[in-house]
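Below, in structure tokens: the form predicted on its own, a single chain.
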Amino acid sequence: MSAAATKKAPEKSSKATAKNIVQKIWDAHVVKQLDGHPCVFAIDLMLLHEVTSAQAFQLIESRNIEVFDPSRLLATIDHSTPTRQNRWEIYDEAARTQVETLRNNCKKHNIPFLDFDSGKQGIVHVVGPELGVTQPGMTIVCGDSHTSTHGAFGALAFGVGTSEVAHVMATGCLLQKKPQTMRVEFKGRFKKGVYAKDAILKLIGEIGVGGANGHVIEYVGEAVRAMSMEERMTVCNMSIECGARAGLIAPDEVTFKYLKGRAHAPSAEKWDEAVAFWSSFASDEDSNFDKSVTIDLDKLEPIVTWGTNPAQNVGLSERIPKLDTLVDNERAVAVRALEYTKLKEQQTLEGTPVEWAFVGSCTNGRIEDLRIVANVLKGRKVNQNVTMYVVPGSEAVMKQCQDEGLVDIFREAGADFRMPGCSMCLAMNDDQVPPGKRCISSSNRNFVGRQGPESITHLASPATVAASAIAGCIKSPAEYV
């Protein structure tokens, strides 16, 4: 699953032919381009899960088409699966059918499948990187919008629809139009209690849910270079929430150190060659972007959403905007959002009571996220009025939590440490916020009913979630870390 590492690296560019990283990856994967038409675009890796794959398999089978290259596919189960201990027993009939259908299709078509208790099962955008199948310079797709997560490795990764999943199964290619590009610079450094989740929420709040429509974002700046791979994945994961097609970060030594020795990473004999190839995917000094945005992190504070989309957010010292300061379309959305979340304009969020707290998802379910939460919870107790779920993003993360003693910290604090899966990120499994209850969550979306019918969601960093679980209300983690 390292097909991209065998391709020819982009040639060095002169000032007149300077390209950014998106253009380089794009050009390396164009199979055929006719004027006025989408190009035939090669896909190196497609990830599958149980929700969006069944119809794609039906489509290719109805036409007697074989899977083009099963080695370029990797499947896991995550969205509909329970996270309780007896998760093999799936009570919901539709969810059980989805899981069994993917199992059977993968067996039939010889596609690698990460099942329960394999040691590798987990959220699709967590297991790809930790197995080393996600690599710089690759094109990666999945029937899931948060596929942009893999862009943290310098890959062009984006979500596709079910019919497009079938196209990749059948041909290894898609029809695609070249996207526009956007440069986002994060300047400065994080203060105490502020994390990558706060940075990407700040960007979304600044440019809005449609601010990057039609663009692929490259994240740059001193703050980005200082981020761990887990932090970079958090940033790229939520690129879709400001309308971007994808988001990515040029590979560097942090990337290479993370990948080295992983199961599907290049062998020691081929490592130097792979690193040289990966390093070629960087924006040339004189390259241009269609848009540029700069976000200053020096004064950034913990951010929490107040509405029903990720852009409706404020710092904890700030107030929910006055409605008459918003433009007409934003004002109408904000009025409905405040009615749903039972909040008021000019209200501050800190101190707002919560009944549920969730740490997990493809945004913040990695080992680094759970270490941060354990650091906040250690020696403290979850408030008696709060139910807290801590859900690892994969079986590998779960094992690390066990080996490092994090599970004991969670349980002693009164949190419910569960089995791997998407869990309470979305209401497609057993884990749901009850109607009318308020949850502070490390996930990526706060849409109406996202975590359960009539549930209220506040997005935040894992540290803010943990601090709020202890306090029983929305609270900054600064005093706990």
Partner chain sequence: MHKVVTVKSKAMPLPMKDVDTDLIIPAQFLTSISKDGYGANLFRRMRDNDANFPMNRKEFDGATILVTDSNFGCGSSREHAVWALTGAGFKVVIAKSFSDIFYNNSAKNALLLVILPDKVVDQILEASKGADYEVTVNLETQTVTLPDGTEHKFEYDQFRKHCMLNGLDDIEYIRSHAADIQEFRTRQEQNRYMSTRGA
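Residue numbers count along the first chain shown, from 1. It should be emphasised that the depicted structure is a prediction, and the values quoted were computed from it without experimental measurement.
Just so it is clear, the following notes concern the form predicted together with the partner chain, a form of the same protein that is not shown.
The shortest heavy atom separation between Thr255 and the partner chain in the predicted bound form exceeds 4.5 Å.
Contact annotation for Gly210: at least one heavy atom lies within 4.5 Å of the partner chain in the predicted bound form. Using a 4.5 Å cutoff between non-hydrogen atoms, Gly161 counts as a contact of the partner chain in the predicted bound form.
When the partner chain is considered in the predicted bound form, Pro112 lines it closely, a heavy atom lying within 4.5 Å. Only one of 187 to 195, 401 to 409, 134 to 142, 384 to 392 lies within 4.5 Å of the partner chain in the predicted bound form by heavy atoms, and it is 134 to 142. Looking at 24 to 53, the residues that come within 4.5 Å of the partner chain in the predicted bound form, counting any heavy atom, are Ala28, His29, Val30, Val31, Lys32, Leu34, Gly36, His37, Pro38, Val40, Ala42, Ile43, Asp44, Leu45, Val51, Thr52.
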